[in-house]
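Next comes just one chain, in structure tokens: the form predicted alone.
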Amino acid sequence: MKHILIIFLFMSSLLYGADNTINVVKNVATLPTIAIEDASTDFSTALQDRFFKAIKSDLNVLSIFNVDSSHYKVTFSNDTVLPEEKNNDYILRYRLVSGESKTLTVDVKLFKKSQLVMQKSYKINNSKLYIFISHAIAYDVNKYMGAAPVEWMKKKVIFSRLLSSGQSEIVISDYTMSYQYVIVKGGLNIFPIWANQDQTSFYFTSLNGAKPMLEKVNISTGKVTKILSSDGMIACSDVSQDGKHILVTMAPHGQPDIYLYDISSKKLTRLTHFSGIDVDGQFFGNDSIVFVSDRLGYPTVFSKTIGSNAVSQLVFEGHHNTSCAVSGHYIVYESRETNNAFSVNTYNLHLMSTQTDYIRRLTAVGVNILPRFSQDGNTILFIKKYKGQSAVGVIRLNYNKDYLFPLKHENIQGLDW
């Protein structure tokens, strides 16, 4: 059990031809302005306020507008622009309409100056899911503007949060973690990761039996399948794009190594052989992996070709580099930048490319952990802890912007997007 806790702490601790390791500074004054109009009537004031804040936040995260922060109230059928809005390039008008059995419809109009350029209605069966309509509206506005795709806005996030000793929950949420649904509870269940790009199932580690067990859950049916078990520890760290192979960290011989598991044939292949700690394997191209190892006496990021014994060091800066993620030839990793014995240390995120020598620091203060790329590699999701507060962070790499969404008492252990 001691080895499990040590490894647990260890693991927890191409864009359109541009190089994302170089800071991209944009002149925000050149961005078009957009104002938001609320045309809802006879509706819950609390939900109106929450929805306005959600859509304002989503439009900001798009990073293609200067967003007017005023909460304008208008009539939905009004064809004129309010005098105080006349200098804005775009107007987004919405109307919340409640239906039977908690359904919610949102009617939307987008104006360019005074000309209607987009109109659409959105509907969900439960008003508690309003945040997903906000994300869908921002997605469609972004598409109309011809900006880089933001498919990640509509993707779900899965994470585990620690409740107390031996107790945790696995939760599905939106990218801001405003909406949360507990899907696994009871006991200690950690390291969730999506099993496919459609996000219809996920893997997680259960520490509730005689041995740590890797299990798979089908979200639609609720079916739970036992995949693998191991002494010491077991965790799935990455899934191949086709979902047919997974990388698993296992410690059947006392120290963890990276294994490749074929879902169909159930064949398990050991990829690393080291007397220390090898964890957090990530698929890197068609035939290589990236992983974290302490084979130099401190943790940092390495790579190796599957089937080869040769191991290459990728990160040479810093002496405590952990929790990496991969997208194309880019690698994001967390690095401890202080070594304070009696106070909280600083952990920052760094972005590197295997095709250049540049390394870009993405954060500056606090504890920044668990970085995850969006599927298109344009955006990074992570957890930030600073001055006793926690937040989920979003970094838009090609806009050189980041956004934080406060969390309430969240002790997040594992995260996937």
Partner chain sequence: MKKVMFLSVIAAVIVLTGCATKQPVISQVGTTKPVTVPATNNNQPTSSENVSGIGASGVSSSSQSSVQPSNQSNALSQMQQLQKKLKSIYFDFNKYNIRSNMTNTLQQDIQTLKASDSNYTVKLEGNCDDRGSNEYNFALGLRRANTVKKSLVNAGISASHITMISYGKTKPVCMQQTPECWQRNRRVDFKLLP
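Please read all numbers here as calculations on a predicted model, not as lab measurements. Positions refer to the first chain, counted from 1.
If you look for the form predicted together with the partner chain, you will not find it shown, but the lines that follow are about it.
Distance criterion of 4.5 Å from any heavy atom to the partner chain in the model of the complex singles out 235 from the list 235, 325, 301, 150. Note on contacts: among 330, 179, 111, 94, the single residue with a heavy atom within 4.5 Å of the partner chain in the model of the complex is 179. Taking the partner from elsewhere, every residue among 124, 277 and 297 has a non-hydrogen atom within 4.5 angstroms of the partner chain in the model of the complex. Interface residue remark: residue 271 is not counted as part of the site for the partner chain in the model of the complex, having no heavy atom within 4.5 Å. The shortest heavy atom separation between residue 230 and the partner chain in the model of the complex is within 4.5 Å.
Interface membership of residue 141, defined by any non-hydrogen atom within 4.5 Å of the partner chain in the model of the complex, is ruled out. When contacts are judged by a 4.5 Å heavy atom cut-off, residue 210 counts as touching the partner chain in the model of the complex. Only one segment in the set 181-189, 70-78, 303-311, 84-92 has any non-hydrogen atom within 4.5 angstroms of the partner chain in the model of the complex, and it is 181-189. Within 4.5 angstroms of the partner chain in the model of the complex, the stretch 369-407 places no non-hydrogen atom at all.
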